[in-house]
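Before any questions on how it binds or moves, here is one chain, the form predicted on its own, in C-alpha cells.
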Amino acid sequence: MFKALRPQISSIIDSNKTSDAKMQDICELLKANVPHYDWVGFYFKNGDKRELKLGSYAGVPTDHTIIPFGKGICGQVAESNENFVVPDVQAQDNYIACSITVKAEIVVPLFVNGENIGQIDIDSNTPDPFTEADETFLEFVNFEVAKIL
C-alpha cells in the first residue's frame, strides 16, 4: 500500500498547485487510501512563538488549531525532534483528546535544512495500528513536503 502511494505523493509535490493545496491533497490522499488513517494533518511552528499552528488536514474538524510546545503528542514532538508513536492514547498522560473515537496516534517531525518546522499528525480509531512501515512512509512524505517549504 505505501509503495503504491509514494509515486502519488511525488506527483502531488511536482504539480503546479500552491504548497497549501499540495499538502491538502496529500492529507486527503492518505486519509482515503490508508484504512487506519482517520485524521491526517500538518502542524507548523507558528512564527517565533513556542506553539504549533494547524495547517492542511483531512478528517473531522478539530478545536486544536494551536498547540503549545510540550503539550500533547504534537507539542512533545516539537521539542524532541523525534517520531512519536502512541499505540494507546489513553495510556498517555500528556495526550490532548481530539475525539473520543481516537485510539492511537503517530506524529513525525518535518525538517527543512535540519530545523524542525512542523510535523505530520495521524489519528487512528484502530488500537495500535502503526508499524515501522508507517514511520518510514511518513518520513518519506515529510521529506517530499520539505521540498516545497
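Worth saying up front: this structure is predicted, and the values here are computed from it rather than measured. Sequential numbering from 1, following the sequence displayed.
The following text describes the form predicted together with methionine sulfoxide (SME), which does not appear among the structures shown.
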Exercise for the section: Establish, in the predicted bound form, whether Trp39, Tyr43 and Thr62 all lie within 4.5 Å of methionine sulfoxide (SME), using non-hydrogen atoms for the distance. Expected result: yes
Problem - Distance check, Ile67 to methionine sulfoxide (SME) in the predicted bound form, heavy atom within 4.5 Å - result: yes
Handout entry: Non-hydrogen atom contact Ala78 with methionine sulfoxide (SME) in the predicted bound form at 4.5 angstroms
Key = no
Problem - Distance check, Phe111 to methionine sulfoxide (SME) in the predicted bound form, heavy atom within 4.5 Å - result: no
Practice task
Could you confirm whether Ile96 comes within 4.5 Å of methionine sulfoxide (SME) in the predicted bound form, counting heavy atoms only?
Solution key: yes
Completion exercise
Checked 40-74 against methionine sulfoxide (SME) in the predicted bound form; residues with a heavy atom within 4.5 Å, sequence order, are Tyr43, Thr62, Ile67, Lys71, Gly72, Ile73, Cys74
